[in-house]
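Here's a solo chain for you in structure tokens, the form predicted alone.
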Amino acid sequence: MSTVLILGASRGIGLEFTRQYVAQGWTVFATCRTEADRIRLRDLGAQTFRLDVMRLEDLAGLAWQLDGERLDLAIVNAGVFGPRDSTLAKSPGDEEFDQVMRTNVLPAMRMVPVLAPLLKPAAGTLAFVSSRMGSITEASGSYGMLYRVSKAAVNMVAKLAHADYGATGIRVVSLHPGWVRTDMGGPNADVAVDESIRGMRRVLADVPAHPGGGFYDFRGQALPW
């Protein structure tokens, strides 16, 4: 039986990852912050961990609770969009900057050395849920600047994790889920959440077509950094 850890499983993309992997018979470890979220994930069939990605003691506690586990897959999903009107002409305030960068980037950096020993025995996959908006090559305007910058940083974390751990057998990838109809994406987004997750699961399952060190969208297309 395969095992996956989903960081940021309370809603949206993380919740749907949990639902689909449980339905496929995987052992699913799912993190959340509130009791209501824990109950929802438990009722889906996941094993739950209370985790606030902003708290070092919570990250240390997760490492302790998972000690000895063998992960086939870890998905780092926690994130926020921040101010939608953030542009070069309207820079974010200190609190907005701290919220987005500390939520989207810092936990991704901190989780790599925690997850690597759990993934190495199974030559597992470490996946970062990023965004096409973090592609430097494709940037054509500064709308959502703070979110774009944070996801570009997450992509760098993924590339560095691949550089440091790829030789140990761990596959590291960044994923673009599409513009998804979630609380973050809004009701006008063009991709249903179940479609997005099915697509990303296909990418994660097809190692030869989507090797480590790559940036892929939910349809399996390689994206430029």
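The numbering used is simple: start at 1 and walk along the sequence shown. Everything numeric here is computed off the predicted structure, so don't read it as measured data.
This protein has a second form, the form predicted in complex with a small molecule, left out of what is shown; the following refers to that one.
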{"query": "Contact of residue 11 with the small molecule in the predicted complex (heavy atom, 4.5 Å)", "finding": "yes"}
{"query": "Contact test in the predicted complex: residue 198 vs the small molecule, heavy atoms, 4.5 Å", "finding": "no"}
{"query": "4.5 Å heavy atom contact, residue 77 and the small molecule in the predicted complex", "finding": "yes"}
{"query": "Residue 179: touches the small molecule in the predicted complex, heavy atom cutoff 4.5 angstroms", "finding": "yes"}
{"query": "Heavy atom contact within 4.5 Å of the small molecule in the predicted complex, the stretch among 22 to 30, 66 to 74, 49 to 57, 155 to 163", "finding": "49 to 57"}
{"query": "Contact at 4, 194 and 217 by the small molecule in the predicted complex, all three, heavy atom at most 4.5 Å", "finding": "no"}
